[in-house]
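Shown here is one chain on its own, the form predicted on its own, set out as C-alpha cells.
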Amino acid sequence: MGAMAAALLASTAAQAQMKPEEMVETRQAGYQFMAWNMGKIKAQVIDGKEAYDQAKVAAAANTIAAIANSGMGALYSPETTTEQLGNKTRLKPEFFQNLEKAGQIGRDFSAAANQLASVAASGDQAAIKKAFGDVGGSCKSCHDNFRAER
C-alpha cells in the first residue's frame, strides 16, 4: 500500500471516530496552541518584548513542529466547512475543490515549522526570524485561500 493510500485510510478512520463538530474543535485547538507558541517566539525574537531564552524559543518551535506534523489533515472533511457548520468554523468549502493546492500548502507549512524548530535549536536569531516569517507566510497562504472572513 502506498503512503498516500495509507494516509487516506488513517484520515478516514479518524473521521469515522469523530463528529464534524469535534473535528473542528480539535483542529481549532491545535491552531490556537500553535499561535500561542508563535506569540512566545515573536515576543522574544521579533519584538524584543521579552529577554531571549533559547530553551524557551526552541521549546515553542518544537511544539509548533510537533503539531504541524501530527496528522491534522485527518481533522478536515467536507462535513467541517462553513457550508455545513456555519459560524462554528471558518473553513471554506473550496478547500475540498482544491485538494492539491491545500495539500501543498499543508506540506509547505510542515516544512516551514520543521525549519523553525531546526534553527531555533541553533540559537541563530537571524535564522529564527526568517524561519518565523516563513511559518507565518504559510499560515497566511492557507488563510487567504481557504479561511472565511467573519
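Keep in mind it's a predicted model, so treat the numbers as computed, not measured. The first residue of the sequence shown is number 1, and the count goes up from there.
Omitted from view is the form predicted together with another copy of the chain, to which the following refers.
4.5 angstroms heavy atom contact with another copy of the chain in the predicted bound form for G106: No, G106 is distant from the partner.
Close approach of D134 to another copy of the chain in the predicted bound form, 4.5 Å, heavy atom: D134 lies outside the contact set for another copy of the chain.
Any non-hydrogen atom of A29 within 4.5 angstroms of another copy of the chain in the predicted bound form: Answer yes; at least one heavy atom of A29 falls within 4.5 Å of another copy of the chain in the predicted bound form.
Interface membership of A66, another copy of the chain in the predicted bound form, 4.5 Å heavy atom rule: Although another copy of the chain is absent here, A66 would touch it in the predicted bound form, with heavy atoms inside 4.5 Å.
Stretch in contact in the predicted bound form with another copy of the chain, which is absent here, among 116-124, 79-87, 95-103, 66-74 (heavy atoms within 4.5 Å): Among the listed stretches, the partner-contacting one is 66-74.
Any residue of 27-59 that, in the predicted bound form, places a heavy atom within 4.5 Å of another copy of the chain: Counting only heavy atoms within 4.5 Å of another copy of the chain in the predicted bound form, the contacting residues of 27-59 are A29, G30, Q32, F33, W36, N37, K40, E50, A59.
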